[in-house]
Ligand SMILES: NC(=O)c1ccc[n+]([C@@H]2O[C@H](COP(=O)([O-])OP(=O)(O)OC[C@H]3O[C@@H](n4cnc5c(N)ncnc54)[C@H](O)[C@@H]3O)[C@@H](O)[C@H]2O)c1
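In structure tokens, one chain follows: the form predicted alone.
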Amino acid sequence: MSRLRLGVIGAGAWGRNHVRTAAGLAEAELAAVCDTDAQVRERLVRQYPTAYVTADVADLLGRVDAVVIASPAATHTRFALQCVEAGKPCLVEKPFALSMRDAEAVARVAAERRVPVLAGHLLIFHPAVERLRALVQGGELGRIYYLYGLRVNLGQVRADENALWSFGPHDVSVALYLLGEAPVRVAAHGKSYLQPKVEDVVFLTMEFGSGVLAHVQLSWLDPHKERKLTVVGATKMVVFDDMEAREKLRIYDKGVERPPDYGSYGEALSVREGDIFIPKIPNVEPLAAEVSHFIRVARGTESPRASAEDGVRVVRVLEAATRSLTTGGAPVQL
């Protein structure tokens, strides 16, 4: 089987990682890269002399079999539609779109033309998140009560999107992936400290029909760099810490037990302290796993793990959270 010719649109801060990943894959070749910045194109020519470098998307589409879209968020919809019209499968980086209208348009056209479109929900390809989902879906944690995440850092400050749209797609997509359901109610509080109308910090809360509550703190204005998720179940609790070099997942055999029969109030609830288990997690780069999966989807040998419809579901949550932000945190029904 011939190698898939892969193209990348956008080779900036994150797009350069897609370029590097595509260039290193055995099952595909980095055929073309598109970027409007002349200095970026000069760098690409030096680093990847076998790849075709251009400033024109149409030029790239004529030379590739599939496309990764890693350009600025405001261009995602336009380029995704352009790829679908050309019959080229595409992986659209987060955020999938900046509005429900745009997200649904891409999903609708992709379905009509039967062209695979994937949402760039990177963390669902993280081996620790895969293991965590198996724990949740397999019932090992018991009934899930709530989960909370922390995604904070100092920089990179953006002017074209706030912390919700920059960081939020990661945590929203992971919550939906773990629980296998979409929230029914969303609320968000945030503040703009550095730039008018661009929230630097956002506190997002999602309520699910199953009774699960999820809370996420998002900020690029924080003294710490943290990427952490805690899932609390009736039987066990799990902490995923992506800043840990090796021990990324810790499973706590802890809980609060309520015996069926008890004689006094003091016997009604008892805290159970058990062992802490640290599973071995495969050392797999999520981006390489994601792009390899995209290549198999583009070849028609695998179904999308994060489809255009998944992109729509995440954008629906982010758009509802944005409405909540503008009303001072009032809950929004989905």
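Since we're looking at a predicted model, the values are computed, not measured. Residues carry their position along the shown sequence, with the first being 1.
Beyond the structure shown, there is the form predicted in complex with this ligand, which is absent from this document and is the topic of what follows.
Trainee: Out of the stretches listed (33-41, 275-283, 58-66, 300-308), which one is close to this ligand in the predicted bound form, meaning heavy atoms within 4.5 Å?
Mentor: Stretch 33-41 is the one.
Trainee: Looking at this ligand in the predicted bound form, do all three of Ala70, Arg158 and Glu161 come within 4.5 Å of it through at least one heavy atom?
Mentor: Answer is yes for this spot.
Trainee: Even though this ligand is not shown here, does Val314 get within 4.5 Å of it in the predicted bound form, heavy atoms only?
Mentor: Result no; Val314 lies far from this ligand in the predicted bound form.
Trainee: Wondering, does Phe79 line up within 4.5 Å of this ligand in the predicted bound form on heavy atoms?
Mentor: The answer is yes: Phe79 has a heavy atom within 4.5 Å of this ligand.
Trainee: Might Thr75 be said to contact this ligand in the predicted bound form, defining contact as any heavy atom within 4.5 Å?
Mentor: The answer is yes: Thr75 has a heavy atom within 4.5 Å of this ligand.
Trainee: Even though the partner isn't displayed, in the predicted bound form is Asp171 close enough to this ligand, meaning a heavy atom within 4.5 Å?
Mentor: Answer no; every heavy atom of Asp171 is more than 4.5 Å from this ligand in the predicted bound form.
Trainee: Considering non-hydrogen atoms and a 4.5 Å limit, which listed residue (Ala22, Ala11, Leu318, Leu325) is close to this ligand in the predicted bound form?
Mentor: When this ligand is considered in the predicted bound form, the option within 4.5 Å is Ala11.
Trainee: Could you spot which one of Leu179, Val152, Met237, Leu122 gets a heavy atom to within 4.5 Å of this ligand in the predicted bound form?
Mentor: Here the answer is residue option Leu122.
Trainee: Can you name the residues of 94-116 that have a non-hydrogen atom within 4.5 angstroms of this ligand in the predicted bound form?
Mentor: The stretch touches the partner through Lys94, Pro95.
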